[in-house]
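The chain below stands alone and is given in structure tokens; this is the form predicted alone.
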């Protein structure tokens, strides 16, 4: 596997600043070499973004969310990568793509034996040029539709950074594919779009890191489309550690066909206000979805999580486990719904949100729900909010462990139930290190 550093392409013209109509026109001109349908989709998305209002307190999808801090004013799109990109965690992987300010600055090639089998892992613009119909067939085919339509439209309008992973029928890839998106510079924005397509009986893992290169204010609005064909095995991990003043939105769509298994784990550490929407659709009998999330909320951070598990076929199963740790005056919102369609008999669905409070001034809101239209199902949901047991704290502190370190160890133990669901021990260790790093920074 070889690694190369690439220079950012020269812009077509000096773009206007801000997310204005002039800036969009300049972006569209830069995208001119790409397929016409892509340019048309961007134009439609821009008009939709401008037409859709910002969310209001009467919108059920935004219940409990803080809305006064949501604004797009003053953000811009850098055409220049940062002089130094954040360090990419080191662990065994198949290939990597590294973005800085929407430009590819590093990339390693896919091993020849996988390329020969038809595996594709490349930047979004390259996939649009060389595999346009593949992208067109799957891109936003099943949008999450959980209240973030305006932000999804903004992503489509300005998307340039992103990756496409395609694994043909029956091909299995042992080591993960890795992507890093970094933003550097005051009020810079990025709109990554990730598309993963696993054909029948394929197997692969994609890991994405979303990071800030400095502690300035950023805007991030990302979208993922994850497709698992019949019998496929897909693992997706997204870990974000944006700056503490970043406004972040992420919309994830998961589609599982007959007998497919999808595990999606998202780790939330950074951002002033971060909203994450995830919709898992089980479209074929035997499909299974594992929806997992770990969040460490400190200071005045707000993490807003909205989920939907849709069972559209019989004999499907899903498991959702979202764990939040709250410190200081941080807030979390979890709103999840399990929907079982009339024909989805023998559904087995589970949903749990667990909150661990490390502060008396933090706030956790949980709204789990069920909508069942079939009569032969097993569905459970619930939420718990608790503090660390005093006996556990005393046990550690009585052995000479400082209170701050004791709390960190107990939090890691709280998260291990989720981390242990990863088969890749190296990836498990990387995520644990990221979580520990947040505690060390406090």
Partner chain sequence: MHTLEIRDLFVALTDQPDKPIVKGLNLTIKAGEIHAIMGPNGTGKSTLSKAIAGHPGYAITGGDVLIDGKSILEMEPDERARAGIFLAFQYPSEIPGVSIANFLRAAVQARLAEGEELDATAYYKRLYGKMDMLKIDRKFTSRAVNDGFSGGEKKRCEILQMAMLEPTFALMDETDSGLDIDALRIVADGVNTMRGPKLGVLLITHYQRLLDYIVPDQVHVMYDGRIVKTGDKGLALELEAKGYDWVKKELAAV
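The shown structure was predicted, so the numbers you read here are calculated from the model rather than taken from an experiment. Numbering follows the first chain given and starts at 1.
The same protein has a further form, the form predicted together with the partner chain, not shown here; the description that follows concerns it.
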Discussion item. Using a 4.5 angstroms cut-off on non-hydrogen atoms, would residue 398 count as touching the partner chain in the model of the complex?
Written reply: yes
Worksheet item: Should residue 413 be classed as touching the partner chain in the model of the complex when contacts are defined as heavy atoms within 4.5 Å?
Response: yes
Discussion item. Quick check on residue 43: any heavy atom within 4.5 Å of the partner chain in the model of the complex?
Written reply: no
Worksheet entry | Any non-hydrogen atom of residue 392 within 4.5 angstroms of the partner chain in the model of the complex | yes
Worksheet, complete the sentence: Within 4.5 Å of the partner chain in the model of the complex by heavy atoms, the stretch out of 384-392, 65-73, 32-40, 45-53 is 384-392
